[in-house]
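There is one chain below, alone, in structure tokens, taken in the form predicted on its own.
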Amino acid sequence: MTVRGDSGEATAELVASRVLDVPDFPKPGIMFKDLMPLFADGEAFRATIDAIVSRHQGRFDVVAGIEARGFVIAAAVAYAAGVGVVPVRKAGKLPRKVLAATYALEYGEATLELHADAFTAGQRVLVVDDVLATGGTAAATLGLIERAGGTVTGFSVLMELEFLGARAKLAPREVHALLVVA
């Protein structure tokens, strides 16, 4: 089976080779895609971070990572690019004035928060996360960053679950996925 992704077949294959399927997590019927083996493999992790930085080089001033695995990716991308990192957190985790976005989940609602002063007006923001599934978290995050004064210039994920249709929901924004699972 040929794998594909927006940074080429070799990068997609690298990511795919480090993903473990965990059945029935967090609930029965769900196949969880565990990316921890990718994070634990220094060479593979570096290659994925380099692919993200290469795709967006020169187009961002700061990286925003979505809780929680997105923090790992964001910190590494920010370090590699020599820029800062901003966390997008679950509600109640940030100590200063925040902006919040609530969005629907298949089993309820969730709220994300961002420090109200996280960005300067027009600051170029690259948003990163581990997996793009239904798109609710991503859409809430992108809107939240814009409300805070940032300009979203890119959105990258390690893996996109294409069959859930999130890319279409996020249009016209560009989605960059290292691995696309059909």
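Residue numbers here begin at 1 and follow the sequence given. Because the structure is a prediction, the values reported are computed rather than measured.
If you look for the form predicted together with adenosine monophosphate, you will not find it shown, but the lines that follow are about it.
Undergrad: Quick one: does Met31 come within 4.5 Å of adenosine monophosphate in the model of the complex, counting heavy atoms only?
TA: It does: once adenosine monophosphate is placed as it appears in the model of the complex, Met31 has a heavy atom within 4.5 Å of it.
Undergrad: Does Val53 make contact with adenosine monophosphate in the model of the complex, using a 4.5 Å heavy atom cut-off?
TA: No - in the model of the complex, heavy atoms of Val53 and adenosine monophosphate never come within 4.5 Å of each other.
Undergrad: Quick one: is Gln123 in contact with adenosine monophosphate in the model of the complex, heavy atoms, 4.5 Å cut-off?
TA: So Gln123 does not count as contacting adenosine monophosphate.
Undergrad: With heavy atoms only and a cut-off of 4.5 Å, decide whether Ile145 touches adenosine monophosphate in the model of the complex.
TA: Flag for Ile145 set to no.
Undergrad: Exactly one residue in Val131, Val62, Val152, Leu114 has a non-hydrogen atom within 4.5 Å of adenosine monophosphate in the model of the complex; which is it?
TA: None of the others qualify; the residue that does is Val131.
Undergrad: Hey, of 115-123, 54-62, 39-47, 132-140, which bit sits against adenosine monophosphate in the model of the complex at 4.5 Å between non-hydrogen atoms?
TA: Partner-contacting stretch among the options: 132-140.
Undergrad: Considering only 147-182, what residues come within 4.5 Å of adenosine monophosphate in the model of the complex, judged by heavy atoms?
TA: The stretch 147-182, when checked against adenosine monophosphate in the model of the complex, contributes only Leu161 at the 4.5 Å heavy-atom cut-off.
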